[in-house]
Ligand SMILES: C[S@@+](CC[C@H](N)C(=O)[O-])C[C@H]1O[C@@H](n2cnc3c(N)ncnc32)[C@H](O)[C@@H]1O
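First, one chain by itself in structure tokens, the form predicted alone.
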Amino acid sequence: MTASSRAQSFDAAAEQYAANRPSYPAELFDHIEEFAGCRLAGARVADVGAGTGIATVLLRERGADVIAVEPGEAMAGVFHQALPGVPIVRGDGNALPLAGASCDLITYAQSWQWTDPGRSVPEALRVLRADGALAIWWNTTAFDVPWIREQHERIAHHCGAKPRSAVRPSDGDAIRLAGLTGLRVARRQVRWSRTVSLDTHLANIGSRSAFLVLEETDRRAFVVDERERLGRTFPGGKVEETYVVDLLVALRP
């Protein structure tokens, strides 16, 4: 299964994605302002790979003037329903449908991995103003929480993937892996959690690309087994999900 196929798979579950995916902590945006050297209030921001608008909502709450970029038709449709007053254009980070030097900040929430940095970095620099910044981040696995680590391994096994290392890359490795070598990059990791119903937790897992490309019977089999297993761990039906947001903010050299 190609990365492109996995990226396009979200359109098949846009409503599920919007209803169940986690958001981001307020502290994340404090760090973006700190590293970018500007306030979000009044800033012109392009939220690329905006999906259903999870990050866009938070940027708007900070007072940013946001334009969204999203390749998926169904994802963009859900976005428009949730944020009818926010402009959204179809496109992706490899060829941004935006004018040069038009943005103070470009953000990629959970979406940078679907780009080719050899193309997306020059595109970001083209669209950013001279003192602008590129911010990319992900909700990543809290491997120090035993049940979360064990679930991660079960998911990887079920999807035929290799489990990610529990050792987080160094700052230098993270910058290199993101394709941001040559830029001035600051990194910050923010730990946070949310408590959700077991149904929401399982629907969140099912909205991941690794599951969306599986056959329906394979997806259903995992959910049935996981519901039984987590029901024993969380008999009250509430699951505390813990995340570590990994943030990189890049400036021109």
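Just so we're clear, the structure is a prediction, and the values are computed from it rather than from any experiment. Sequential numbering from 1, following the sequence displayed.
Below: the form predicted in complex with the named molecule, not depicted.
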Self-check item: Exercise: Tyr243 in contact with the named molecule in the model of the complex, heavy atom 4.5 Å
Solution: no
Quiz item: Any chance Met75 has a heavy atom within 4.5 Å of the named molecule in the model of the complex?
Solution: yes
Exercise. Give a yes or no for Ala109: in the model of the complex, does one of its heavy atoms lie within 4.5 Å of a heavy atom belonging to the named molecule?
Key: yes
Self-check item: Partner contact for Gly132 in the model of the complex: the named molecule, 4.5 angstroms, heavy atom
Solution: no
Quiz item: So, Arg21, Ala55 and Trp114: all three within 4.5 Å of the named molecule in the model of the complex by heavy atoms, or not?
Solution: yes
Exercise. Among 123 to 131, 89 to 97, 155 to 163, 173 to 181, mark the stretch whose residues have heavy atoms within 4.5 Å of the named molecule in the model of the complex.
Key: 89 to 97
Exercise. Give, in sequence order, every residue of 46 to 82 that has a heavy atom within 4.5 Å of the named molecule in the model of the complex, or say none if there are no such residues.
Key: Val48, Gly49, Ala50, Gly51, Ile54, Ala55, Glu70, Pro71, Gly72, Met75
